[in-house]
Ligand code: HPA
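The chain that follows stands alone, in the form predicted on its own, written as structure tokens.
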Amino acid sequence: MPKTTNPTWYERVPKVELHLHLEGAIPLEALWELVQKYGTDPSVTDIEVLKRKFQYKDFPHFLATWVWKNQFLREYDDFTFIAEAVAKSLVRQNIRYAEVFYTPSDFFEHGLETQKLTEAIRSGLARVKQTEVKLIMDFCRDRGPENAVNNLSTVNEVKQLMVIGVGLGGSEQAFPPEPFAEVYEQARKLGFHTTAHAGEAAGPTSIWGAIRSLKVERIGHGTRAIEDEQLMKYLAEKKIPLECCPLSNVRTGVVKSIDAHPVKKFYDAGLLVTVNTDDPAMFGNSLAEEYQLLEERLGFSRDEVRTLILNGIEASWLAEKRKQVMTDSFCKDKDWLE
């Protein structure tokens, strides 16, 4: 995302992000370099053709495109390269802090090991000092709980590289969360925080499963909680944060349009809502655009947008003192009140 001549308030205001996939946030120019490096898809003749690849008929089509994209990440140096590029994009958006997913199991076929891959990512992130990034390792539903147990064991060896949590991604519509209960329990015992994608490609039952079986601290997306009044009440009462990704849900067909997204209903019902981009390079969105559309199309006031930003700090896995310091810093920022 290039710097604009006259950045909007949404671009200038300090922000945090809690639901962002490293592999889905690779700036288009950086991904184009990797496409040229490997040359495995001759149909992608230029960056404009590459950009058109990221249009989806539905959620399964998005997942298929995700797999296609991963063929261009084959070496540890590729991960150092994309981590630096993603961190720089966060700086350009004035995202001061991010908790970023990565999925090592997607790259085992290239002979890459979780430990070295994590080291490569941290090396790239360390080159960019103006933002802080913690990592969340995503288990892939499609590969089953045994694979997740192995992944947990290996990532625990490099936890000191600021890997603070685990998540659960993949084909939610085909693989429910319950079989992963044991690995989530193990993760907690090892000191990892927990989240899971739920209520994106499957309904409220998937969210209940993530809460009851996985005992997650946060819910990734949670969009279809709107279909279950009791679930809505439970989420509000327990203050389980939702990592909402409105434009992602529009791009993958989870909701028909931004106007149809339930995020305002969640907010008005007292749920702890955070706003995130998910896979911004694959959806063509930015966090600034997310907030602007919420105000312009869904009736959020500017003060409510500020609350959403602060919700991101509250729902983060920072220590409580760090949360307070960051909140104070945001509220005193020259661009906070406008």
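This one's a predicted model, so the numbers in the text were calculated from it and none came from an experiment. Throughout, we count residues from 1 along the sequence that is shown.
The discussion below concerns the form predicted in complex with hypoxanthine (HPA), not included here.
Between hypoxanthine (HPA) and the residues 305, 293, 63, 34, the one pair within 4.5 Å by heavy atoms in the predicted bound form involves 63.
Just one of 165, 170, 124, 203 comes within 4.5 Å of hypoxanthine (HPA) in the predicted bound form, counting any heavy atom, and that one is 170.
When contacts are defined as a non-hydrogen atom within 4.5 Å, none of 15, 96 and 289 contacts hypoxanthine (HPA) in the predicted bound form. Contact check for residue 218: no non-hydrogen atom falls within 4.5 Å of hypoxanthine (HPA) in the predicted bound form. A residue is said to contact a partner when one of its heavy atoms sits within 4.5 Å of a partner heavy atom; residue 261 fails this definition for hypoxanthine (HPA) in the predicted bound form, lying far away. A residue is said to contact a partner when one of its heavy atoms sits within 4.5 Å of a partner heavy atom; residue 59 meets this definition for hypoxanthine (HPA) in the predicted bound form. Just one listed stretch, out of 154-162, 180-188, 78-86, 194-202, contacts hypoxanthine (HPA) in the predicted bound form at the 4.5 Å heavy atom level, and that stretch is 194-202. Scanning 277-306 for heavy atoms within 4.5 Å of hypoxanthine (HPA) in the predicted bound form gives 278, 279 in sequence order.
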